[in-house]
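There is one chain below, alone, in structure tokens, taken in the form predicted on its own.
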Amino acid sequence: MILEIDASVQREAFALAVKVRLDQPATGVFGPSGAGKSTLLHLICGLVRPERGRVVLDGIVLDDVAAGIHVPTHRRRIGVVFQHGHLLPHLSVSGNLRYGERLLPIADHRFAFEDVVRLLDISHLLDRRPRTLSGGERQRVALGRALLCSPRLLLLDEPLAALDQALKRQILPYLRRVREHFAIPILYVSHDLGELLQVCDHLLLIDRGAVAGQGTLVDLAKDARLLPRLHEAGLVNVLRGRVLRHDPGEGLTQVELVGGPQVACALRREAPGTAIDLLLRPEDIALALAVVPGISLQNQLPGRITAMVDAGDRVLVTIDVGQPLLTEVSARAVAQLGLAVGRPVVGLFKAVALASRSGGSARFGAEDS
């Protein structure tokens, strides 16, 4: 997918002026409330018209103000999932799912009804009405309806914002399944970086109606001007790995991270071999110049400093441990330890500092020995 936007939107006192080119499989859009995230998605799907400029998806012009082109929403082949799902209350789950299919010629159907139902685990819901569904079930049905429209692009506008943490943990694996099983580019809007990073590798920061930055989390973290926005969105590492084994007697699960190192986290339910994402806040990581013996912290990851960004009395330090790991330490610690790019260090953190929103019992803020 190549999405090119060079357009402006005026909505009462708010103005959005965006020039950006996106070509990643999944891009997470974040920024403060009122920054223009949802307006950007509404522009892409045709719910709002630009006052100036163009919107082009894979070479197809969707908007061109100068040329008088505006493709209506229903002809853009863009699937949208909103915060509350917006299911049709008079139709069953099956009827809602089939609604998008009926708008397309059979030859344009990309996905089989049965495949979508199976992937989202909603076969037992097909005869029910939307009012009888839980929030998580409604969002899975809304996602299925969007997929069955056979879209060229899938827009997710705060799809988990109305759900509690338990339901978020249930839905996130389905969003990852969609990315992995269906070759549909995704633009995912959320105020929560931890949520976005479990689905998207590429990020787009919108601030005050403009693009403030884009790239990977590590790319954005190299710019000290963006650090306040990253912190507001919940700056967090997402460590990808797989479950190795469980140690119930110790209350721990051993996980092998991508890149080779192993870590211990609070006991989890996933079977050995299961892929897993673990969340770790930069401020929960201490740095040492060598492995520390005789300490209660369960995890010590050796690595090498690849970047340092000064943020006043705090410094964001990136270390390579097989995958980038963002840590946050005081300016005083930097001076005392002589930290510099290229220096070997060890990242230390508690087992229960590793949390996950994709399931399990680990949580932020617990005490560990």
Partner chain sequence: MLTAEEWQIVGLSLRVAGCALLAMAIPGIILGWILARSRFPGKSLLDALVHLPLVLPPVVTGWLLLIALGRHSPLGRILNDWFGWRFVFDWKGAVVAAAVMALPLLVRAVRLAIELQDRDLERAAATCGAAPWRVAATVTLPLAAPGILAGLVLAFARCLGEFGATITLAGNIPGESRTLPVAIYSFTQMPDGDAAVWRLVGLSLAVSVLALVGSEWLARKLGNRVGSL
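Positions refer to the first chain, counted from 1. Everything numeric here is computed off the predicted structure, so don't read it as measured data.
Here the subject shifts to the form predicted together with its partner chain, a form of this protein not shown in this document.
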### Query
Can you pick the stretch from 82-90, 233-241, 109-117, 291-299 whose heavy atoms fall within 4.5 Å of its partner chain in the predicted bound form?
82-90
### Summary
From Leu126, Leu103, Leu226, Ala286: within 4.5 Å of its partner chain in the predicted bound form by heavy atoms is Leu103
### Message
Going by heavy atom distances of 4.5 angstroms or less, which of Cys149, Val189, Val178, Ala221 would be at the interface with its partner chain in the predicted bound form?
### Response
Cys149
### Message
Check for me: heavy atom within 4.5 Å of its partner chain in the predicted bound form, for each of Leu47, Arg131 and Arg145, yes or no.
### Response
yes
### Query
Do Arg245 and its partner chain come within 4.5 Å of each other in the predicted bound form, heavy atoms counted?
no
#### Entry: 4.5 angstroms heavy atom contact with its partner chain in the predicted bound form for Arg269
no
### Query
Is Ile78 a contact residue for its partner chain in the predicted bound form, using a 4.5 Å heavy atom cut-off?
yes
### Task
Flag Tyr99 as yes or no: does it have a non-hydrogen atom within 4.5 angstroms of any non-hydrogen atom of its partner chain in the predicted bound form?
yes
